[in-house]
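First, one chain by itself in structure tokens, the form predicted on its own.
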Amino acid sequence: MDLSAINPILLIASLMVAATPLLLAAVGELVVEKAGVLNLGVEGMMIVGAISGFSIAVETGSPWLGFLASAVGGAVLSLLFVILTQVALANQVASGLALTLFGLGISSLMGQSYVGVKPPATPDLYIPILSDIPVIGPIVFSHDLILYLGIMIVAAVWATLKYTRVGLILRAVGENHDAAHALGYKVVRIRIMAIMFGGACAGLGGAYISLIRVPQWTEGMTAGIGWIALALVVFASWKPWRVLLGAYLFGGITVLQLNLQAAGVAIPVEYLAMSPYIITILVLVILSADKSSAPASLGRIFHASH
């Protein structure tokens, strides 16, 4: 066992990378749930985003076009959920599960010719002066653009929900869709926009895995991150900054357990592999003790005729 092999600066920098896919997926789902819709298809949208982004990046040689394609891919798949739940008024839980299964299947089909292919590298930002600061520079100012975009999306979602008319209407639809409809707000249209935003964020999160975190394509590579994102939204009490905290906690423990395995710590590998999930859930359960209740209309079907 050699703990001196673990570099704390690299550890913290890599936890931010490990947290980003989860952060993007969770903040997108938070907006969807704030609008009163429960979309369990996050995993499906992430994996479709992962292969959409990967294939376009490989074919064009541009990771940025890849990320754009991943957001479009996730949003397009979310339209299937829109048709099922907002047009056909199908059960949201069943539709979300179907979306995940469909996403896993179609991504496997799309990705058959990309196994073993290396995608173009996504450059890290170099910020003059800031990137050269000892310790802080490598940790905070030497990452890729998408990582910073994830943090900016969290800040934008928080500010929108708290301070803007758009956020107020979105929350009103999520709390009482009948009252919002009576006031003249287009409930279905608002929910469609929220669902597509959630799909685009999930797609970006998936592409972050296939293009940056693990730059390759393997079938089912999201490995449950979509489900963790769903749990994270609930345990974070539908608060954007808590989603950020939870994602970084999960990323930190994931990276730490990999480093501990590499250092030869005498704990069975299975226990180390379980630890990120268990510790994240425990901490978030404690955080969510001050019950900020879920949006009151969450998961309920809206009938415009009422």
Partner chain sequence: MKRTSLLAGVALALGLATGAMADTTKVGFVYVGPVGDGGWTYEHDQGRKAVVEEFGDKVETVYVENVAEGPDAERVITQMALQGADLIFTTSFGYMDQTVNVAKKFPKVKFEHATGYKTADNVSVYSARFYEGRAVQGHIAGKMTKSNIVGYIASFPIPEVIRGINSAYIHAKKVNPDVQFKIIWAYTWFDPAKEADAAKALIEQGADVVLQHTDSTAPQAAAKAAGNVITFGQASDMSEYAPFPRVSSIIDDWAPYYIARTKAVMDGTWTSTNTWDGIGAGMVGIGEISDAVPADVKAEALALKDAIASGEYSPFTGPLKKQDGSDWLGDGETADDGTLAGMNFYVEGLEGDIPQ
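Here the rigid core means the biggest group of C-alpha atoms that line up within 1.5 Å when the two forms are laid on top of each other. Residue numbers count along the first chain shown, from 1. A quick note: this is a predicted structure, and the numbers were derived from the prediction, not measured.
The same protein also has a form predicted together with the partner chain, omitted here; what follows describes it.
Among the residues Leu258, Leu38, Leu249, Leu68, the one placing a heavy atom within 4.5 Å of the partner chain in the predicted complex is Leu258. Residues placing heavy atoms within 4.5 Å of the partner chain in the predicted complex fall in a single listed stretch, namely 217-225, out of 189-197, 73-81, 217-225, 152-160. Interface residue remark: Val285 is not counted as part of the site for the partner chain in the predicted complex, having no heavy atom within 4.5 Å. For Ile301, no non-hydrogen atom is located within 4.5 Å of the partner chain in the predicted complex, even though that partner is not displayed. With a 4.5 Å cutoff on heavy atoms, Pro128 does not count as touching the partner chain in the predicted complex; it lies far away.
Of the heavy atoms in Pro134, none are within 4.5 Å of the partner chain in the predicted complex. Leu272: CA moves 2 Å or more between this form and the one not shown after rigid-core fitting. Core-superposed comparison between this form and the one not shown: the C-alpha position of Leu260 differs by no less than 2 Å.
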